[in-house]
Structure formats: structure tokens, C-alpha cells
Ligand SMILES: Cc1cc2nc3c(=O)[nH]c(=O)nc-3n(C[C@H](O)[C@H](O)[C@H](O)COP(=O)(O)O)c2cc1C
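A single chain comes next, written as C-alpha cells; it is the form predicted on its own.
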């Protein structure tokens, strides 16, 4: 069976989870090709697979735009697909949205699961370093995660078709936030030149190719999904959102 795994990841929670899922398939004797979802990878969508896994973090009660763009580019042709998402709190109707879209594109959804991980946007935007809130948010993890992963993989391999979940009862309350309420922050990106060591991690890591070299310096554009990968992964904290993130938490999953 040809299994392919595509995942979107900002700070890295979904990337770590994807590795766990890939490892479980491997332990069961399957070979998996997996790749991060970016603007570049979407230009060459997966082909020739029998089973496709798609993972993503929940951003403001919805899947990232690049995930939706990937699904819209595919023809399911009756093949199987499974989904997994990471969330800090509520997921809204994210699973319902991608499963409905997958069905429209001709896929058979055979498994889906939600996993709790620390909310990387809340840590960066609201948590001072060393605060009680930082400790609380970093303690958010799914219990019995390996058992969840095992169940997801088992269902992906042997499961029957499942229907999109019903709309969450709180959907009317969160629907106004489905459009990114933090989009205004895009214009606040700042590069502190005295801190920047020009390592290029932000350029390589940006899923939308929104960060580039310009005359030997880092330049950040406006085509941003606010995955916040550049801030969390910068080794010298040279990238900031104005002054609001000067003493807030950077996060890397372990």
C-alpha cells in the first residue's frame, strides 16, 4: 500500500505528531512518504497513493489556508484519506470542514483524530517568560497520546468510511473568528538587525515563501498565514511583532 503523509506545521507540534504517526506505520511494516505542506510542496501535490494522511494545527477554529488549497487540488478517485489535527483548546468545525471538502473531492475518509498540544499563538502573544500562564499552557497535552496514535493508524489501515462530524454546538459563537482576528499583526513584523545572525532559518521555514533575502537582509512580506514559525524558531529572537513579543515565550515541542 502506497501511503503518503502531508502535514502543515508552524512551531512544530504537528510535525512532531506526524513523526509519531509515521513511526507507528513503520512499526507495522508500512513505508510512508511524508512531507510538510508549503506553497512549494502544493505545487507538486501527492500522486500515486492508496492512502493519504493530512495533518494540521487549528488556527482560529479553522484549518490553515494551505491545507484547504492542497485538498482543492486533488482528485480523490475513491481513495482513502485520514486527518489528524493539533489544538490548544477548541477546534471549531475544522474536521468537519476538511472531511466535507475531501468528500466533495472524491475521497473516502476512514479515520480522523484531534490531539491536544500547547497553543503556540497564545504562548507567543500573551505569555511572559517564566509566568504561571506559560507553565499552564505548556502542560496541555493529550493523555495517552500513543494510544490515540495507534488507534488512528489502525483505523486508517482497516477502518470503514466515516462521515463528517456534526457541527459543534458552539459554532455560532466562534464563527466570527474563522477569519484570522490577528491578521492586523502581519504589518507589525520587525527584524532586529542587531540580533539577526543571518542563519536563514526563517527563509527556509516559511510555508508561504513570504520571507526572503533582500540586499543581504531579511525581508518579510504580507502574504502571511501567521503560523508564527519564524518567531518561535529564530535562535536569537531577532524577529518580533513590534514590542508586544519582546519578552514573551518562544516554543519548540519536545
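Numbering follows the first chain given and starts at 1. Quick caveat: nothing in here was measured; it's all calculated off a predicted structure.
In what follows, reference is made to the form predicted together with the named molecule, a form of this protein that is not presented.
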(request) Could you tell me which one of 133, 162, 173, 90 places a heavy atom within 4.5 Å of the named molecule in the predicted bound form? (result) 90
(request) With the named molecule left out here, work out from 98-106, 74-82, 141-149, 118-126 which stretch has heavy atoms within 4.5 Å of it in the predicted bound form. (result) 118-126
(message) Test of understanding: in the predicted bound form, would residue 39 fall inside 4.5 Å of the named molecule by heavy atoms?
(response) no
(message) Quick check on residue 11: any heavy atom within 4.5 Å of the named molecule in the predicted bound form?
(response) yes
(request) Report whether the minimum heavy atom distance between residue 226 and the named molecule in the predicted bound form is within 4.5 Å. (result) yes
(request) Report yes if any heavy atom of residue 52 sits within 4.5 Å of a heavy atom of the named molecule in the predicted bound form; otherwise report no. (result) no
(request) Enumerate the residues of 40-78 that have a non-hydrogen atom within 4.5 Å of the named molecule in the predicted bound form, in sequence order, or give none. (result) 57, 58, 59, 60, 61
